[in-house]
Each structure stands twice: as structure tokens, then as C-alpha cells.
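Only one chain comes next, encoded as C-alpha cells, the form predicted alone.
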Amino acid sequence: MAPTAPVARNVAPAGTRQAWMRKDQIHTQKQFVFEKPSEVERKVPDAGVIDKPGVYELSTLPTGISKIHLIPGFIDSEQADWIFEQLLQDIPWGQRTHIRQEISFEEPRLTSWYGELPYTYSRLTMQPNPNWHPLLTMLKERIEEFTGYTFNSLLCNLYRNEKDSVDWHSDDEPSLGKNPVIASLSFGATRTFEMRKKPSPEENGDYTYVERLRIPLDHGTLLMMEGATQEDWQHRVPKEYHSRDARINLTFRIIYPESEGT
């Protein structure tokens, strides 16, 4: 007869079977169940509103303290009416044209510049204009006396209606120096001034969850932006869906020759 093939068999002595084979342990072992990790739900924060006079510290970061000072009624209503009409007529308003990716478009507002030095923002330069309107000089001196700061330049903005606006930006050009002080004086229709905190490096430029503020700027209101506000925050005046009359905004600032500003 041909030899038969060897047959594998359990040669372990009775009672020494491996533990994982025991019936009394098969049912008592804890079964592994996969559970998807719970995601932390992030909510878009509601925008805060600042509409009362006072000094507000917005944030404190390694760059410094970001601070604003809101002074409604800095110019009383009757005087503000007269100033608004004079500036509307006398300032040489103009509209700048931008070119991006070979497409030209006009700024959705009118502007005018006053100062001994040029001012460059959004890649366009406004040429020096030392011929200050006497009314603007008076307003500059009144703000300087009130705040203790001195200013040598002024950017004027005319928002003709609700369709005019300025997009998110910071006034952080090199010619403004470190931690610039901006004095913003408003006349005419109330428009909402919005601010948003710049995201941390971990957010990779995502502004979805950052802190936001809304500040209505009324006729004759002065808003001071100080400290690290331009370093750590952005601001804008958005378009609005409801009809708005004209608004003039005067932003007094200190301009340095660019070699000094940097």
C-alpha cells in the first residue's frame, strides 16, 4: 500500500488549549466598535456694535493694544451742516481708476488728497497738494487740540450714495509709519463703519470666525484709530441696500518720507 499523507492534529495536552479559543472567554471579550470622532462645531460670531462715546480696547496682541476712540457730535449738527455743504462744493473731487489683471475699474467713491508728500495706496499714487482749504485747516487744528496729536496730511472721501463704498483694508502703508494714528471725521449721511480682526496664522487667511464690529458714523462724529489697530484689524464701508444721501469722510494722518516710515 502507498503511504498515506500525514494528517495534522492537535497534539496539545488536554486542558491546554489557547485562551482565545475558550468558549467562556469568547463571549466576555469587549467588542471593538468604531466611532467617528465628534467634530467641534464652530459658530460665526455675531458682530458687536459700538455706538456710545468712549475709548475701546479692541485687542491686545504681541504687536500691541488696538484701540479706538468714538466721539459722536464732535462737530455740532448746525455747524456740521454748513461744513458739509462747503466741502461738497469746494473740494476738487476726483475718481481714481485701478487696473487689475488688465481690467480697469473706477473706485466706487470720489477722493481728494492734501499734504506736502505724495500718498500711495492700492498701487496708485496721489500727488502732493499743499494748498489746504481754510476749512480743512481749521478742522485739522481743532482735532489736534482735542487729541494732542499732530497731522500733516488728509485723505478726503465722498460717498455719493449707497452704492459707493470702500473694501476691506488696513491703513498700513510704509509711509504711515508704525502704529499710525488715524483721525476720521464724518459729515452727511450715517454710514456703517465695519471692522474685523485679522485671523491668526493657524487660520491661513480665513476670516470666517474672526471678531467683527459695526460702528455707525453719524454727522459730525470723530473716530480715532490708534495703537496696533492697523496692524491687527481691517475696516471697510460697505455698500448698502437702502437709499443713502451723500457722506464726506475726512481721514487725517501723518505721512513720512518712505525711507523714514519704514
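The model shown is predicted, which means the values in this text are computed figures rather than measured ones. When you see a residue number, it is the position in the sequence shown, counting from 1.
Here the subject shifts to the form predicted together with a small molecule, a form of this protein not shown in this document.
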Exercise. Which of these residues, 155, 126, 80, 110, gets a heavy atom within 4.5 Å of the small molecule in the model of the complex?
Worked result: 155
Exercise. Even though the small molecule is not shown here, does residue 247 get within 4.5 Å of it in the model of the complex, heavy atoms only?
Worked result: yes
Exercise. In the model of the complex, does residue 96 have a heavy atom within 4.5 Å of the small molecule?
Worked result: no
For this session: Classify residue 222 as contacting or not contacting the small molecule in the model of the complex by the rule of any non-hydrogen atom within 4.5 angstroms, answering yes or no.
Result: no
Exercise. Hey, in the model of the complex, is residue 68 touching the small molecule, heavy atoms inside 4.5 Å?
Worked result: no
Problem set entry | Which of 130-138, 166-174, 80-88, 145-153 lines the interface with the small molecule in the model of the complex (heavy atom within 4.5 Å) | 166-174
